[in-house]
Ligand SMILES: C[S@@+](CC[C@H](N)C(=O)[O-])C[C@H]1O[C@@H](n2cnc3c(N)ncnc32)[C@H](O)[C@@H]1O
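One chain comes next, on its own, written out as structure tokens in the form predicted on its own.
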């Protein structure tokens, strides 16, 4: 399959989902509770914001000003419209940008937030590159896929071969310290954070697209890959998950 067709099918699957990856408001609030010294009206940067469910939650819960950055125009347009509809446009600025080449002044933000997106750069590289944008004492919060148990079954290892950087919670904690951050806390996302706003609507979307792409073997392969992802998690969620890491410069 050529890349143009692959990405068309991929975005047909994911563009209109509530979230671009695991997460929920409960985990967001849990992370915020670990940052009691966050200013009353912080400057926040949401990197790889995707459709922006967490961006809007941050704006509602902590106030301040949120700058949301992503490189997918559809997500950006969607987030702008939803912020306007929900009365958040005065607090959320939506910008197109490359997370590896962010164009902001040094030490501008009190909080840098990035859910299920740092893998695009790599955990260590992202932590190092983004540190410059935090004020002294500023917080960095990221979620990242991790191994939760040793010796995962072959099916799970094969599934994660496309992300060879996947490692343990402990290894990520060591990386955080090596990058010059203080660790404030960390916790594993609940299964609800995977299903409620991500995998459940994803499975429903795949059912719709099977009818649309019936007879197109290449498109169906992409659809079934996404279905396989949900099945792997359902069967083997004891072995891997997403971990929230709360750090401070």
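Positions refer to the first chain, counted from 1. Predicted model only: the values in this text are computed from it and were never measured.
Below, we turn to the form predicted together with this ligand, even though it does not appear here.
K.L.:
Which single stretch, out of 65-73, 219-227, 199-207, 28-36, brings residue heavy atoms within 4.5 Å of this ligand in the predicted bound form?
P.N.:
Checking each option against the 4.5 Å cut-off leaves 65-73.
K.L.:
Could you confirm whether residue 241 comes within 4.5 Å of this ligand in the predicted bound form, counting heavy atoms only?
P.N.:
Result no; residue 241 lies far from this ligand in the predicted bound form.
K.L.:
Does this ligand come within 4.5 Å of any heavy atom of residue 174 in the predicted bound form?
P.N.:
Close contact is absent here: in the predicted bound form, residue 174 is far from this ligand, nothing within 4.5 Å, heavy atoms only.
K.L.:
Using a 4.5 Å heavy atom cut-off, state whether residue 119 contacts this ligand in the predicted bound form.
P.N.:
So residue 119 counts as contacting this ligand.
K.L.:
Just checking whether residue 98 would be counted as a contact of this ligand in the predicted bound form - the rule being heavy atoms within 4.5 angstroms.
P.N.:
Yes - in the predicted bound form, heavy atoms of residue 98 and this ligand come within 4.5 Å of each other.
K.L.:
Considering only 51-68, what residues come within 4.5 Å of this ligand in the predicted bound form, judged by heavy atoms?
P.N.:
Heavy-atom contacts within 4.5 Å come from 51, 54.
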